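Have a look below at one chain only, the form predicted on its own, in structure tokens format.
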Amino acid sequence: MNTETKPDVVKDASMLKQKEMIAGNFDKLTDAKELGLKISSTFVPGNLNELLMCFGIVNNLPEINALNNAMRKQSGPMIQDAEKMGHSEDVCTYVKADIGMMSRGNIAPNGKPMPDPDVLLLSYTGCYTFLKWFELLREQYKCPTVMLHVPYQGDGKAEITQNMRDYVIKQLKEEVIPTLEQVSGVKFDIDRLRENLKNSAKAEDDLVWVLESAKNKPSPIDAYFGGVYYIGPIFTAFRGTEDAVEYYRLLKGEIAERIKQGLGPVTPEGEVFEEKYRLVVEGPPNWTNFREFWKMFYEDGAVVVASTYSKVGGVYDYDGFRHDPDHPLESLADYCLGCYTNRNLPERTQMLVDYMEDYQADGLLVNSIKSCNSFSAGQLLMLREVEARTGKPGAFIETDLVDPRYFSPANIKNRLESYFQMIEQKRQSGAVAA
């Protein structure tokens, strides 16, 4: 009989830190009423976490709840509940998972019911679905709603004009801040906001260092599957906190050690020992089969060195944006205006081309999300344009965010294997030509 026992999986200090942060925030949310705290519901792209913290408001993010339920295999029945209520099959599955979660008692991952929000804060950034989603939430919760309208960058050239910035700042001063003061009973303190923004900038510096570490060969990180963990604190309820600063300090140290040792990324099943293919990926991941999806890549030695999804809550690496404590309201405006889904298709295409070149990628893979128009519109055109500009092959697959009905493992695996063969053929033809 085999009496050997498998050693416990050793988790990095940053992983333990993030787990502690997430658990603490859910406890704070579910105990908010007892603690005398107010709750906001808001979304990831363009969220104003540093501002909310000035009022002692705890941040709840519906997309994070939806993907959390998907990774725990609970989103499917929630989506079907929402469809029985009359929501279309073509509606964003984040929305339906959220509606279904509410119908089932709105239970948080810690097993406690999520209290109703005290305010709905929508910083609109390029996704029209958010508007309708908030209408549904407003009908449900009957609480104050404030919308920060963010102009779309639609002129073909990425440029935040002073008029755009002033328009957002005016809303912050006249609508958003007064509503948050009224809901919380706390007077706005701009010096407190400056302190929060200092923390954000520190964390953002370290996050960019981590993301750019993928320029190394081998890459010490996977910037898509691993990247969703790295971006978690900065995109959600922790940007602006000391906890976020500490998390990214720990993470940077761990990645630096991996580079020193010449190691590849860590996966759920251990190290990637051979980096065969370096990819750039456009589009969100599938959450319902996240590990199975990831395994299809690392089993064949495919490492994602850059991704657009890891910029959905802030583009810090591409154009150098940092939250600026010396210009606090201007900084919040520029952050909202610059989020990935608020950028036009020509600019997104150029970003992909630059990533392909800067990270010496072998090809571009598009994961098109069936129910997400803000990401999926124009992706095939972007793919063809990137192929033409870089001479590198592209591939197109389709899944969904949190609906398990739209994940076909056999189909995706076949397409990926065919794509990897295409990359090999491209390399061989290039070597022959040389």
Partner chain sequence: MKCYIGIDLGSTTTKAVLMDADKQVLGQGITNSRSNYDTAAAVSKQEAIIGTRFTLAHRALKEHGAVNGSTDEFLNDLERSFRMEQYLEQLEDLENTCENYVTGPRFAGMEKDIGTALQEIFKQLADEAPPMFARGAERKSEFFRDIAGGRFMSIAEDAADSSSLPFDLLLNVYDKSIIEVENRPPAGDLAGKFGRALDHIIEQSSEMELQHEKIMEPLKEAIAVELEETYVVGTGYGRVRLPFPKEHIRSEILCHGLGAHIMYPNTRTVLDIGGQDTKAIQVDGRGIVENFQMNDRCAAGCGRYLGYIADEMNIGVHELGPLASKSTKVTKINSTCTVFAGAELRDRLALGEKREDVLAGLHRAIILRAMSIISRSGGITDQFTFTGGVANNNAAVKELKKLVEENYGKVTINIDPDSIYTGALGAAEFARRAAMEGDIEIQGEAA
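Numbering follows the first chain given and starts at 1. Please read all numbers here as calculations on a predicted model, not as lab measurements.
Not on display, but discussed next: the form predicted together with the partner chain.
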**Report entry** One stretch from 404-412, 64-72, 50-58, 28-36 that, in the model of the complex, holds residues within 4.5 Å of the partner chain by heavy atom
**Finding:** 404-412
Report task. Give a yes or no on whether every one of L380, E417 and S429 sits within 4.5 angstroms of the partner chain in the model of the complex by heavy atom. Result -> yes
Query raised in the report: Is there a non-hydrogen atom of D300 within 4.5 angstroms of a non-hydrogen atom of the partner chain in the model of the complex?
Result: yes
Query raised in the report: Heavy atom to heavy atom, is M422 within 4.5 Å of the partner chain in the model of the complex?
Result: yes
